[in-house]
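One chain follows as structure tokens, the form predicted alone.
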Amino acid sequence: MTTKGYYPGCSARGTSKEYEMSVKKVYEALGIELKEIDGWVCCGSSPAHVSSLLLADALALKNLSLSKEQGLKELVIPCMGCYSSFISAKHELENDCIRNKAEEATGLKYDDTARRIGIIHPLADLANRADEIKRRVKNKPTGLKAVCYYGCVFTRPPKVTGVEDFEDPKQMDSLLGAVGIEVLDWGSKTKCCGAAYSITRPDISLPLCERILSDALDAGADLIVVACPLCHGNLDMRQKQVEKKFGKMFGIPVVYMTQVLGIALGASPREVGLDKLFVDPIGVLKSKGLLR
């Protein structure tokens, strides 16, 4: 069995348990063991890099050093916020001045081994395995239509993420296509949902979410498929708030990419946490044959 390092991040143990459950089921189905970093610390999320870039870089350096000590050459990081924190820090730590300050703050060395640790998001990693996933499909839907919502972090900024098709990414499209889901074209694929402003400035985030939800329905989607806990929370958990504010009814399920893949690969709804969502997707998935 192949082994990859795994950094869950804080949200996987709280608001996005279903994401972690489904990520693990998909990798398990592909014969890949995810080995969690022993002693990992929070990446700092938005508050760290907003208050102190040094803090954000130091936290990343701590986790990378732990990975190095434990012989983990690759890190699968499902949370888009954590993923962004890591790749941004790796980019910044190439600067001698920034690296020296982070090393001084932590007492750790960002040596060649730590530099070479691969930072991987499941969206890109699994997209490279789309053909293998297609061969392993056990449950295939009929007429299930979805839009892929990448949000604004996975592809941007391109000089840091290395994503070439940053305005029109295709990784999730290829994965859903591999399991028999029709992926629809739409205009909100990489629009921002408002991120953490949903907590402090709902007047900013709710209109952004309304546009995304409206675009998905206008495109004819049965589902919105995401790969980010914060995007998921804004579109699923806060969907009722959006409906109340704008006097609209959406009722469109928002599911994680790995939840759909997990079901297609033979996992049960409970194993991938479909029962934990606010907008119930079970009826849609049954009517389209993905669930029996």
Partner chain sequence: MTEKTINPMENEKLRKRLIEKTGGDILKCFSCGKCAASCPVSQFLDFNPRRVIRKAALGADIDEDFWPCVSCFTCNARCPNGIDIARAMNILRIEAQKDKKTARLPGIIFARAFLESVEKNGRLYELGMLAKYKIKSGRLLDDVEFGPPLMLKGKMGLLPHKSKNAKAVGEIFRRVREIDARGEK
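Just so it is clear, the model here is predicted, and its values are computed rather than measured. Numbering follows the first chain given and starts at 1.
The same protein also has a form predicted in complex with its partner chain, omitted here; what follows describes it.
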{"query": "Residue contact check: V26 to its partner chain in the predicted bound form, 4.5 Å heavy atom", "finding": "no"}
{"query": "P202: touches its partner chain in the predicted bound form, heavy atom cutoff 4.5 angstroms", "finding": "yes"}
{"query": "Touches its partner chain in the predicted bound form: I252 (any heavy atom, 4.5 Å)", "finding": "no"}
{"query": "Its partner chain contact in the predicted bound form: R238, any heavy atom under 4.5 Å", "finding": "yes"}
{"query": "Sole residue of G118, G177, G220, P158 within 4.5 Å of its partner chain in the predicted bound form, by heavy atom", "finding": "P158"}
{"query": "Position in contact with its partner chain when the complex is considered in the predicted bound form, options K73, K101, K140, K170, heavy atoms within 4.5 Å", "finding": "K101"}
{"query": "4.5 Å heavy atom contact with its partner chain in the predicted bound form for all of Y6, D215 and A267", "finding": "no"}
{"query": "Contact segment among 202 to 210, 130 to 138, 177 to 185, 75 to 83, judged by heavy atoms lying within 4.5 Å of its partner chain in the predicted bound form", "finding": "202 to 210"}
{"query": "Residues from 38 to 61 in contact with its partner chain (non-hydrogen atom within 4.5 Å) in the predicted bound form", "finding": "D38, G39, W40, V41, C42, G44, S45, P47, A48, H49, V50, S51, S52, L53, L54, L55, A58, L59"}
